[in-house]
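Below sits a lone chain in structure tokens, taken as the form predicted on its own.
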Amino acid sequence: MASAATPRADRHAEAASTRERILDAALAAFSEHGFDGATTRAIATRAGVNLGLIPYYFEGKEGLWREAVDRAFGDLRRGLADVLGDTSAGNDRERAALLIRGYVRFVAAHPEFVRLMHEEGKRDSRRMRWLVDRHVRPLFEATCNLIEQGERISRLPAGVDPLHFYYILAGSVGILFHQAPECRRLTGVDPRQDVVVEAHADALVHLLLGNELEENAT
């Protein structure tokens, strides 16, 4: 019985590994070339698999795109889940700071995520609507709730809609890593170095939330 189970387990592990390689290649290709510019043939070549495995596992190009997006947002949600659900942080400002730092670190590690979002968010399409309704809206609402329910934790004037905080945050985090080649050419600094990532997070916390010690003193 054990000997029969082992080959089956090996096949399942191989299939899972193949799917992961295809999803890795797809996310990179879609973020670099957009949905229309990325071809399943190029994705299969990049993943080192037979082209026929894409319809076998994903039913086609759009199914592959959706699973790649699902996985990217799944990684983001897991990275931020502890922050958004954390009840041990001292106050709402600390939770907001943790959210900012977690998002900066995620985007630095996954710049393809921002490239894909920029590619799909700039046009009104079926994919954009699916992406917003399935993934972006829950993240947006969680961020807005954190701002609305907390004390005055941002530097935005009272009464400013939290949507501005959300898009200021998304833009200020993403642009540095989205345009990393420009940054390296312009400054000689690689923004994906750990020390630069942490410095960027520090800067955004200070700019968006202010200095906690100064606020406590006032």
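Because the structure is a prediction, the values reported are computed rather than measured. Between two forms, the rigid core is defined as the largest C-alpha subset superposing within 1.5 Å. Numbering starts at 1 and follows the sequence shown.
Below, we refer to the form predicted together with a further copy of the same chain, which is not included among the displayed structures.
**Student:** Go through Ile100, Ala108, Met117, Ile147 and name the one with a heavy atom inside 4.5 Å of a further copy of the same chain in the predicted complex.
**Tutor:** Only one listed residue qualifies here, and that residue is Met117.
**Student:** Name the single residue among Leu53, Val189, Ala42, Ala28 that comes within 4.5 Å of a further copy of the same chain in the predicted complex, judging by heavy atoms.
**Tutor:** Result of the distance check: Val189.
**Student:** Looking at a further copy of the same chain in the predicted complex, do all three of Gly63, Ala68 and Ala142 come within 4.5 Å of it through at least one heavy atom?
**Tutor:** None of them does, since no heavy atom lies within 4.5 Å of the partner.
**Student:** Though only this chain appears here, would Val49 touch a further copy of the same chain in the predicted complex if you measure heavy atom gaps against 4.5 Å?
**Tutor:** Contact with a further copy of the same chain, no.
**Student:** Taking heavy atoms and a 4.5 Å cut-off, does His206 contact a further copy of the same chain in the predicted complex?
**Tutor:** The answer is yes: His206 has a heavy atom within 4.5 Å of a further copy of the same chain.
**Student:** Is Gly79 close enough to touch a further copy of the same chain in the predicted complex, meaning at least one heavy atom pair within 4.5 Å?
**Tutor:** Gly79: no contact with a further copy of the same chain in the predicted complex.
**Student:** Is there a non-hydrogen atom of Glu59 within 4.5 angstroms of a non-hydrogen atom of a further copy of the same chain in the predicted complex?
**Tutor:** The answer is no: Glu59 has no heavy atom within 4.5 Å of a further copy of the same chain.
**Student:** For 110 to 130: residues with a non-hydrogen atom within 4.5 angstroms of a further copy of the same chain in the predicted complex?
**Tutor:** In sequence order, Arg115, Met117, His118, Glu119, Gly121, Lys122, Arg123, Asp124, Met128, Arg129 come within 4.5 Å of the partner.
**Student:** By the 2 angstroms cut-off, has the C-alpha of Arg185 moved between this form and the one not shown once the rigid core is superposed?
**Tutor:** It does, since the Arg185 C-alpha is displaced 2 Å or more between this form and the one not shown after the core fit.
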